[in-house]
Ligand SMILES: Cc1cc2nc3c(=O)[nH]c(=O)nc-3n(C[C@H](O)[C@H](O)[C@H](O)COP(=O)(O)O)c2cc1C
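Given as structure tokens, the chain that follows is alone and in the form predicted on its own.
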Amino acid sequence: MQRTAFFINKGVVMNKLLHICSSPRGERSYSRRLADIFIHSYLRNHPTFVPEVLDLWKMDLPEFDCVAANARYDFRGEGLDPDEQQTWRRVERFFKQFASADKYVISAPMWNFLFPYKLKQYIDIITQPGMCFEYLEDGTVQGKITGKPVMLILTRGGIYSDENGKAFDFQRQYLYSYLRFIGFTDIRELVAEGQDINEEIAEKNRQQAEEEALVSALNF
């Protein structure tokens, strides 16, 4: 797909559309291609938005290892040793980048009924108490990423929308549950199934998804 160039008009307040891309296949990824179709359609009709793409497979995501886990349990930054402070500063930078967006697109293929592990790693990095959510005095949890829409662009090799497949669809179920947990209420989706069954079914479902992408982008 030919990529469109976008220019920032000086003096105009610009908003950010953040695309979190979790497929490692680059230009060969259909979830990436479908996201591009949606985003390009959206930007053509919303000139005050600029895109930012987080290609998770090209990013240096910090491992959420022992150092990061220890720092997590003192998320106010008090009493951290130098290694923990350095790791936690990276966590804060990733969170601020995520929280600074006005609208979100998350594109993900289904891997073993879920999604690529890089997306889970990214979620583990940004989802910290006091950042994406907070504990209230009564012990309940309140999400802090509010008032923003998110579009899920999901692809699957098989069919998971019927009664037999729904029990295995942790891809959609997890993302909806997680996004609601951190505060999202406006969650939308584009789904292209059957990509590995045969070319006839795959092409039919791709065509339908791409038509839906062009329409849904107008009202996102």
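Numbers for residues come from their place in the sequence shown, where the first is 1. Being a predicted model, the structure only gives us computed values, none of them experimental.
Just so you know, the form predicted together with this ligand exists too; it's not on screen, but the next bit is about it.
Colleague: Choose one stretch from 153-161, 55-63, 41-49, 173-181: the one whose residues place a heavy atom within 4.5 angstroms of this ligand in the predicted bound form.
Modeller: Of the stretches listed, the one contacting the partner is 153-161.
Colleague: Taking heavy atoms and a 4.5 Å cut-off, does residue 16 contact this ligand in the predicted bound form?
Modeller: It does not: once this ligand is placed as it appears in the predicted bound form, residue 16 has no heavy atom within 4.5 Å of it.
Colleague: Give a yes/no on whether residue 110 approaches this ligand to within 4.5 Å in the predicted bound form, heavy atoms considered.
Modeller: Flag for residue 110 set to yes.
Colleague: Any of the heavy atoms of residue 28 lying within 4.5 Å of this ligand in the predicted bound form?
Modeller: Yes, residue 28 sits close enough to this ligand in the predicted bound form that at least one of its heavy atoms falls within 4.5 Å.
Colleague: With the partner left out of view, is residue 196 within 4.5 angstroms of this ligand in the predicted bound form by any non-hydrogen atom?
Modeller: Answer yes; at least one heavy atom of residue 196 falls within 4.5 Å of this ligand in the predicted bound form.
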